[in-house]
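Only one chain is included here, represented as structure tokens and corresponding to the form predicted alone.
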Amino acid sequence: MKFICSRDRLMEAISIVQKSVGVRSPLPILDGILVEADQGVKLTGYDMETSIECLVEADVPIKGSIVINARMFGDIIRKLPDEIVSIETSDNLSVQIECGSTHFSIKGLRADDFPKIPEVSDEQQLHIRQSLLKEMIRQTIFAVSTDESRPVLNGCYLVSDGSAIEMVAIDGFRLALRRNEIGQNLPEMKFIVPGKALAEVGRILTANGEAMVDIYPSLNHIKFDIGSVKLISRLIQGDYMNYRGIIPQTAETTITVDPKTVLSAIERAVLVITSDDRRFPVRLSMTDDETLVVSANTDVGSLREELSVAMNGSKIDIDFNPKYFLDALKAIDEDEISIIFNGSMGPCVLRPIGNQDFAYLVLPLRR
């Protein structure tokens, strides 16, 4: 095998593919990247749960394939001095990497020993803008659970109902829901994508332009086709929670406020919280003159800040985990939101004003 390509493009591809390479796997082959040279060069990483494949434009005088240790491969390419790199293999699995006056020789592994990547049928297809999917992932991924005792919550639930796409994540203390009306005939499907795999998809997707992504789900796996990059992940099996039944349809108190104002106040409150201990929440309370008080009182200090808001309903006095509020407020792009409360122990719901596409629910802390 021999190919010649841009060092920068090769490094970019290695960086993407490395995210699906095993870390200190009991099988050394899984610590490597499968390199296949034909019309161009295809790099593949696979940790037995997620595979990422990336294509690189290259001149290929000699076709072939080999597996190269991902960490060493990335470190070498990153440190090369010039723009053009030449990679050639020999019959004894030696890999020669040349760039300018620099010459590396490292050992590779047999490509035939690399595990087979799952095949995903293209029978069903979801075709949407990359920028939209990236935004939906950004506004939900932070609420995916990491508690492995409830595996169905370790991923995002993606639903296509024929006219809209909906994505939801729940970790037991909060819920993030993002919906978008597509306005066309969509296939009806629903599946749970592991949070780790979906986070990688979000990093690969572009935020600008009209570039599209094709999503192909099968019984056990899902494929995201993002042009030169393809990601295949196993799906999480099981029945997802009835999330629609969790979101309150009533409101004892509704506050209208600029999310950036609340975000900044809670960020300042966190400065006196030196532990994530539940003893140190952020308190939200209302005065008689429609002023929202954000406060925190810990062993090292305290903060009290008053914010002018528009309020409808009863006064509130509730404690929250500040991280849960910050995650939601950072995901909201609109200039005005409503915060809906249902008593001292009922769930709180954040929604952008005039936009029902996003909802975030968080449970208060008991005192």
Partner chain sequence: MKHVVFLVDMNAFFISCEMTRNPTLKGKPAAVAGDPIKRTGIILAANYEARALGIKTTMLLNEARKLCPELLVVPPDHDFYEIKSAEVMALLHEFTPIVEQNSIDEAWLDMTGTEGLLGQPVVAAQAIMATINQRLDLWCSIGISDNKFLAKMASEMKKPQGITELWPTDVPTKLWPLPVGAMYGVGRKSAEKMNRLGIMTAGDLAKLNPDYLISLFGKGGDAIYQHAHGRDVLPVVSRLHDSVKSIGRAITLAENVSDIKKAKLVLMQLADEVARTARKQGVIAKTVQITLKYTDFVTVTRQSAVLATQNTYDIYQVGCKLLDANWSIDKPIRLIGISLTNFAKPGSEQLQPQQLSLFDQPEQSKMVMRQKQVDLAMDSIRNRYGQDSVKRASLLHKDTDN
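If you're wondering where the values come from, they're calculated on a predicted model, not measured in any experiment. Residue numbers count along the first chain shown, from 1.
Below: the form predicted in complex with the partner chain, not depicted.
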{"property": "The single option of P115, G100, G227, G172 touching the partner chain in the predicted complex, heavy atom within 4.5 Å", "result": "G172"}
{"property": "The unique member of M241, A251, I128, M189 whose heavy atoms fall within 4.5 Å of the partner chain in the predicted complex", "result": "M241"}
{"property": "Heavy atom of each of P281, N321 and R366 within 4.5 Å of the partner chain in the predicted complex", "result": "yes"}
{"property": "C5 within 4.5 Å of the partner chain in the predicted complex, heavy atoms", "result": "no"}
{"property": "Contact label in the predicted complex: M1 to the partner chain, heavy atom within 4.5 Å", "result": "no"}
{"property": "Contact test in the predicted complex: R150 vs the partner chain, heavy atoms, 4.5 Å", "result": "yes"}
{"property": "I246: touches the partner chain in the predicted complex, heavy atom cutoff 4.5 angstroms", "result": "yes"}
{"property": "Answer range among 118-126, 150-158, 74-82, 204-212 for contact with the partner chain, defined in the predicted complex as heavy atoms within 4.5 Å", "result": "150-158"}
